[in-house]
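Here's a solo chain for you in structure tokens, the form predicted alone.
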């Protein structure tokens, strides 16, 4: 086997399930050769609360993925989510040094370093420095400004940071499997780039990933991530609302949510009843369909409205021609697309994986893990950028996550 072959692991430690993918990277292309899943334990709202339980189920998913691939993973790229993640924007500008006003790499490095230099509070650590496009004398430059002529060079970074201890917990879970965590990858960036096109990102698009315990979102402008965020609310909260409102166990509420939950209520007859199990056995009960839909619809509107309010002035329908794209396991709830369109006042759709993704991995619940895998490819391919032919899929992925 070629010494250039690398086996990349992509791991998402979610609230409801752990997903691990294995990619075989040859230096020019990647093939997904292994997949492992395990029911999640010890994880609440995207954060590890029981280290032993979380470690056990994560290692189980990794073992299944390696057996499926029949290969040992070399290193892992790990998804990051959770309410502890926060972001801020900081920008900087420099006067171009050269007498002929031609921008050099030294100018670029200086302005980038200044834009990333803002200190973090104690106990916080940077997860991502996301660069927005450069400006030369106020003019937007979508690519590198090197060798352009101008007097003033500006750039800004959206910096995502998290609690060091929370981040360390996730890393230690993987290291317990005797694997290196090469990079932490923001979940919203991973899933967002799987379900949006380059054209949509250029024209403005909002991707919202609704998982069981968290909702991650990323707003793209001018081809680059503009603003990201995480809410510690997800599909499990729909279930919890039903459990409380209808006095059900969590399992019973989950069953009703999956069978009858809707993000926009359509039940016209308040007297219409539905059965919990439908087998008419002892313990089977009837519930108002209108009541179920009212609960889930209220939660759906509230969740999406909170995302809109968090984005504030960063979002406007006029600057988001690509609309809203929904993904994540909980995004499959009926009428959620309709609800998102009403909340944000723009078009909305359910995100789909690119056509090259195998049928068994096309479900929205895999979009984050797929995105992490290809983030890993972009990182590895950056190291060989000087010898790699420009263009093609790998080049686009590499450009998607702008180098810092």
Partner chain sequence: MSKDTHTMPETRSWREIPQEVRPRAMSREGRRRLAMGVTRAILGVLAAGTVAWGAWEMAAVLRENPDSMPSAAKSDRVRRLVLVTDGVLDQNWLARTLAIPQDATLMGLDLNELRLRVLADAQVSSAAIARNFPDRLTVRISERSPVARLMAQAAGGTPAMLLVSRDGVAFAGKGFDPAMEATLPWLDGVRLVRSGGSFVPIGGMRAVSDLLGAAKLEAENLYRSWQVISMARLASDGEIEVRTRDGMRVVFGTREDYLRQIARLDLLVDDSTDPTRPLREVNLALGSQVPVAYGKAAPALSEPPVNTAVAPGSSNPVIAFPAFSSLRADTHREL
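All figures in this text were calculated on a predicted structure; none of them were measured in a lab. Residue numbers count along the first chain shown, from 1.
Not pictured, yet referred to below: the form predicted together with its partner chain.
Enquirer: Would you classify residue 144 as touching its partner chain in the predicted bound form, given a 4.5 Å non-hydrogen atom cut-off?
Expert: Judged by the heavy-atom cut-off of 4.5 Å, residue 144 is well away from its partner chain in the predicted bound form.
Enquirer: Hey, in the predicted bound form, is residue 247 touching its partner chain, heavy atoms inside 4.5 Å?
Expert: No.
Enquirer: According to a 4.5 angstroms non-hydrogen atom cut-off, is residue 95 in contact with its partner chain in the predicted bound form?
Expert: Yes, residue 95 is a contact residue.
Enquirer: Taking any heavy atom pair closer than or equal to 4.5 Å as contact, tell me whether residue 63 reaches its partner chain in the predicted bound form.
Expert: Yes, residue 63 is a contact residue.
Enquirer: Looking at 311, 179, 274, 264, which is the one with a non-hydrogen atom within 4.5 Å of its partner chain in the predicted bound form?
Expert: Only one option qualifies, and that one is 179.
Enquirer: Of the options 199, 318, 302, 113, which one has a non-hydrogen atom that comes within 4.5 Å of its partner chain in the predicted bound form?
Expert: Here the answer is residue option 113.
Enquirer: Looking at 287-295, 219-227, 169-177, 201-209, which one sits within 4.5 Å of its partner chain in the predicted bound form if you count heavy atoms only?
Expert: Heavy-atom contact with the partner occurs in 169-177.
Enquirer: Using a 4.5 Å cut-off on any heavy atom, which residues of 59-75 would contact its partner chain in the predicted bound form?
Expert: Result: 59, 63, 66, 72, 73.
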